[in-house]
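One chain is shown next in structure tokens, namely the form predicted on its own.
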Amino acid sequence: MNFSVKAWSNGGRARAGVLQVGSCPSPIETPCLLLSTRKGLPHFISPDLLPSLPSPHSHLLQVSPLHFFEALSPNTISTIGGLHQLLGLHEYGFVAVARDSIQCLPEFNSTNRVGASFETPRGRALIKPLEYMKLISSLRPNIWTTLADEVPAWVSDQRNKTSVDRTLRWIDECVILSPAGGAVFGACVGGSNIEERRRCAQELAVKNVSGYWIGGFGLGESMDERPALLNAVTVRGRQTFCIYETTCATSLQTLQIWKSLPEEKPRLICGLGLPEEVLQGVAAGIDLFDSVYIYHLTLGGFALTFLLDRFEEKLSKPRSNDTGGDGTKINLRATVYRKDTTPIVESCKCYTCQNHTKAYINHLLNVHEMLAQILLEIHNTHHYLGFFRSMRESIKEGKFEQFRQNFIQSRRDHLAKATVCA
């Protein structure tokens, strides 16, 4: 794996880079989206439909090793040749993260010094570093993250400190047990405690890892407190201390510089799914994001519709207050689309919009046909990848902050119009 930063946003930390993963035929530009999977494949998109997504930016797949914990044995998967051979996806890159934010959620109350606990569809599972690394070794992902003790925002300071200590220890254990292939991303945690996040970042910055996975987000923190938590690990800063002389009453002020995570290595985060949350992460210098947001949208019958071209066009007046839209998406279960013979987005080049109408997808949803989720996930993934492309272009042009503010303002304007229409 190779990574390099190519452009920075003027006056900010948002950055555009290039990530080269061994099995991907072309470099992938960052910030980019990892496609969430279940046992290695997107939830509703079959392998033969994957090429219909924009290439190469759809070629990074996120997988949880816990999905394979009680499936084929690690030895069997290793004999087959790992994930690429098992799934037949030789030109795709796999990123292995223990937590997948859908099925394998961290259970902080049951985590102990031996291993991390997760709530899974088959019950609660305690994963030890040795077991975790056996799975990583057999799956052979291109990128994998170390085991972490993730905690929600409301835990005590002592519990945050314990989570950081455990995570740092597990990083060393995982690196020692790591297979020869695959780039390792060290986990950075600390909950909602800024000092603990900063401490974790400082100690992680000197470890022998290829990148960083910023964990513990999407677990109860608010959008208002998130920027400070992200800055604690991505911004180089300083603190002022007062040291009193013993011979007099005067004091001398000294400065202590704290280190952030090195800028030359990629940063991955899970739990930031909404467009506004992704914009927060990009503004803080994050490069890789998961796509759980797409899964939840698709499952609920929603389709993304927001403008991608800098959001400079004026938003159209809402047709009805029962469409379930909020300026970024529409609810295709709504009756207003029952006879709508237009595509989801007129200018969209995805397979769904080129071949099907809102009325057809509305029908499929109402009769509970799985094809509805297939067509919706194709469109939503295609559209969200376009959102990331627009972000990258705004960073290269030095206009990311303007892009971000335009997006947020467009949401506010739409909600205001929708309120008036109601």
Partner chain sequence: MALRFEVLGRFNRARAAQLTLPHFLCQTPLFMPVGTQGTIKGLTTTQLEDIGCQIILGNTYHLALRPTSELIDELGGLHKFMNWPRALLTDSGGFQMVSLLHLADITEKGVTFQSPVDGKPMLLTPEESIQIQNRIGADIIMALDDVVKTTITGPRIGEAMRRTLRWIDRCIAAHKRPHEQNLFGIVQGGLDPVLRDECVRGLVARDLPGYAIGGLAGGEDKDSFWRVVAQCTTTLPEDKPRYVMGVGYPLDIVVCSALGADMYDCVYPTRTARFGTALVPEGVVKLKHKAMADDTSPIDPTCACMVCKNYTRAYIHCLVTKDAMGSQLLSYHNLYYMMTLSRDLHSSIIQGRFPEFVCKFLQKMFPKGDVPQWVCNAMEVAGIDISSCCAPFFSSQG
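All of these numbers come straight from a predicted model, not from anything done at the bench. Numbering follows the first chain given and starts at 1.
One more form of this protein exists, namely the form predicted in complex with the partner chain; it is left out here, but the text below deals with it.
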| item | value |
| --- | --- |
| Partner proximity in the predicted bound form: A228 to the partner chain, non-hydrogen atom cutoff 4.5 Å | no |
| Residue contact check: Y360 to the partner chain in the predicted bound form, 4.5 Å heavy atom | yes |
| 4.5 angstroms heavy atom contact with the partner chain in the predicted bound form for K396 | no |
| Partner proximity in the predicted bound form: P27 to the partner chain, non-hydrogen atom cutoff 4.5 Å | no |
| Candidate stretches 171 to 179, 217 to 225, 73 to 81, 142 to 150 - the one whose heavy atoms come within 4.5 Å of the partner chain in the predicted bound form | 73 to 81 |
| The partner chain in the predicted bound form: contacted by all of L61, G301 and A303, heavy atom 4.5 Å | no |
| Contact residue in the predicted bound form, chosen from K349, R113, R124, K339 - any heavy atom within 4.5 Å of the partner chain | K339 |
| Within 82 to 119, the residues that have a heavy atom no more than 4.5 Å from the partner chain in the predicted bound form | Q85, L86, L87, G88 |
